[in-house]
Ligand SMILES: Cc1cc2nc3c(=O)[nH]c(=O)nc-3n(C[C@H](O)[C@H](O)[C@H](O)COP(=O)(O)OP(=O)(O)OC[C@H]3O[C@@H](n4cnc5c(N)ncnc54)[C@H](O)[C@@H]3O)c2cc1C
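Just the one chain here, laid out as structure tokens, in the form predicted on its own.
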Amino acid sequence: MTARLGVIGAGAGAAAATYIIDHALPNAEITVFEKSRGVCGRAAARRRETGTTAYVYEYGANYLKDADDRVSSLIVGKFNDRLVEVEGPIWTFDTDGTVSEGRDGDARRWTYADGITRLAKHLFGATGATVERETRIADVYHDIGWRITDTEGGAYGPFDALLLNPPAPQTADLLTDTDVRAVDRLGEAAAAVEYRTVWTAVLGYDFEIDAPYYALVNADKEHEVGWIGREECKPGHVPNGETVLVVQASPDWSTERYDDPPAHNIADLARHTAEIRGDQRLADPDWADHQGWRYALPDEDVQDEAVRAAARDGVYVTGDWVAGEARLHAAVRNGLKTGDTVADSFQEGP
């Protein structure tokens, strides 16, 4: 039989699942619906060009960690075009701003010279799936198969199965009043998953800082800043002699300041960064960018039984909130596993 699959969201988990399904079911008709212009979800990158100078920076998920054999083998073995290794360890700092050695010093971390979004581009590019960008799905329902509609009134389907990849709260909004009780229960379970909010400032400087680490992470989780990453530690991202810092605020700060004027938030995070580094030059960046992630980091995973029950009715979910670990490699791992499950369901037949 020809499997007709609709995929909502083009994040890393969906890309991994689509790759597995497409290769297991060569005749499958897979359509991916993505609300934005890009792919890979919160594993996001931007490119900034100033004259002949170009910068690449990752303002969401910062890298792909070598923490899962299946994921690492796939990336290094098949999708290694433009793959680069992040240089340097991760150190820590506490609420007083005291910097210390030691966090995953020997761990390997990867990204791509043109940005982490290359991961999803590689995965989708190795399939025959159709990716419909700038298509925001508004409703999911069942009527002789699964059907969906977008915010512009477009209708799609019927599909034999659906795979959803948005953050849990957005998935919950879609899985309401679908006319299938198990799927509605999955929506209720997704709504119960709590998230941490993260507001990110990207700070650019026309000088290079000297540091023995790639990034600093707040170990006691009591500082206004949660993370400071150096994009110049990623080959191909920052011109020689310059610095680009990705500064992610703590969840409490981010929630409180989420809707404040971006210029005020950037100035505050630059000031904190200067204090932590002991370098007042960092309080005055030469250029800056920002991004808020209201649903950045899931605090827990969704109820497994709700996921399994909905799958029996042809609705699947994937992502870090399904894996129960707010890490890019976990999202990819879960996507590969979910792809196996979807493919097996079609191969087994009714």
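Everything numeric here is computed off the predicted structure, so don't read it as measured data. Numbering starts at 1 and runs along the sequence shown.
As for the form predicted together with this ligand, it is not shown, yet the points below apply to it.
- Mapping the unseen interface onto this chain, Leu336 falls outside it, with no heavy atom inside 4.5 Å of this ligand in the model of the complex.
- Taking the partner from the other structure, this ligand in the model of the complex has no heavy atom within 4.5 Å of any heavy atom of Leu5.
- When this ligand is considered in the model of the complex, Asn165 lines it closely, a heavy atom lying within 4.5 Å.
- None of the heavy atoms of Gly314 is located within 4.5 Å of this ligand in the model of the complex.
- The three residues Gly13, Phe33 and Trp293 all sit with a heavy atom within 4.5 Å of this ligand in the model of the complex.
- Residues of just one listed stretch (302-310, 279-287, 23-31, 54-62) have heavy atoms within 4.5 Å of this ligand in the model of the complex: 54-62.
- Proximity to this ligand in the model of the complex, defined as a heavy atom within 4.5 Å, singles out one entry of Thr92, Thr135, Thr273, Thr243, which is Thr135.
- Just one of Ile228, Leu269, Val198, Val86 comes within 4.5 Å of this ligand in the model of the complex, counting any heavy atom, and that one is Val198.
- The single residue of 233-251 lying near this ligand in the model of the complex is Gln248, the criterion being any heavy atom within 4.5 Å.
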